[in-house]
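Only one chain is included here, represented as structure tokens and corresponding to the form predicted alone.
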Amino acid sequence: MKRAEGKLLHRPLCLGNWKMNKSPQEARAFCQELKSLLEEAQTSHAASAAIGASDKTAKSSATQPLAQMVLLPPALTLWAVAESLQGTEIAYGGQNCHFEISGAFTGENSPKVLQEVGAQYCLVGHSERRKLFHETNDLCAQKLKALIELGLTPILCVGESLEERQSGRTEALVLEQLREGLKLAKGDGRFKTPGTQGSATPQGQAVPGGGFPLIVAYEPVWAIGTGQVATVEQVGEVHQLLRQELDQLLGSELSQNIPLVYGGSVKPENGAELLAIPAVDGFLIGGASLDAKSFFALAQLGF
């Protein structure tokens, strides 16, 4: 896929990180509401498209009126989400995993089990994992490699604290996190991505955005859960920096197919402005993803 004005030519991504929220029962209720909102939107879109168009055109136009939605629930809630979303185009993934498939790692989540329950994505190096659980760049690199080898798409998170930004260390820090996170997963300047191209879920559905070996999420730590949002200029600068570095590390042919998403107090009220930034291909959403209507409103932006 080629880029146009800095954008990827595919639907934007809306990644909903629930963090340690929602029981299985609450997750089922959320998924039911989200599916109802999706059905209503598609019905409305089909009706609008049918005006002055053939039935075939209307039907085609009704299939993709939204961003690609991905839910990232807690591990104990993943099964409920998987069951609730079966047969839909809404994807799901994990918030964390170990780099080994199995072993004496009490309390950890196997990436192989994520794969077997139909997960297609997994966060790597979220700021809370780095800060609260002391995850290093080396550990993130091992996790990212394990996910790619299983055909799952890692969502590598990079970002700086307020102190680091104020001291002028943003560029050095995010580039270090990116380089170190990718160091084990690339060979000869290219990703080794067995299983990603044309892969499918256990239900036989095509993986949304199939073939993407990676998603990179920029999340300024000072803008997560604080109500503060990085300015358009700040987000654009960092995303452009990350894109240039991906071009250097992986080559432009592969880099151009790696989405860059923004995370940091994203809400329906500021989503349109953020999505209009040329180098922003979607969102990693925290608090707003806990409400089905807010999450769906973000998925409707840009259409």
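In case it trips you up, residue 1 is the first one in the sequence shown, and so on. Remember, predicted model here, so these are calculated numbers, not experimental data.
Separately, the form predicted in complex with a small molecule exists; it is not shown, and the next lines address it.
A residue is said to contact a partner when one of its heavy atoms sits within 4.5 Å of a partner heavy atom; L13 fails this definition for the small molecule in the predicted complex, lying far away. Interface residue remark: S265 is counted as part of the site for the small molecule in the predicted complex, having a heavy atom within 4.5 Å.
Although the partner is absent here, E135 lies well away from the small molecule in the predicted complex, with no heavy atom inside 4.5 Å. Contact check for V174: every heavy atom lies farther than 4.5 Å from the small molecule in the predicted complex.
Heavy atoms within 4.5 Å of the small molecule in the predicted complex belong, among the stretches 219 to 227, 103 to 111, 135 to 143, 73 to 81, to residues of 219 to 227.
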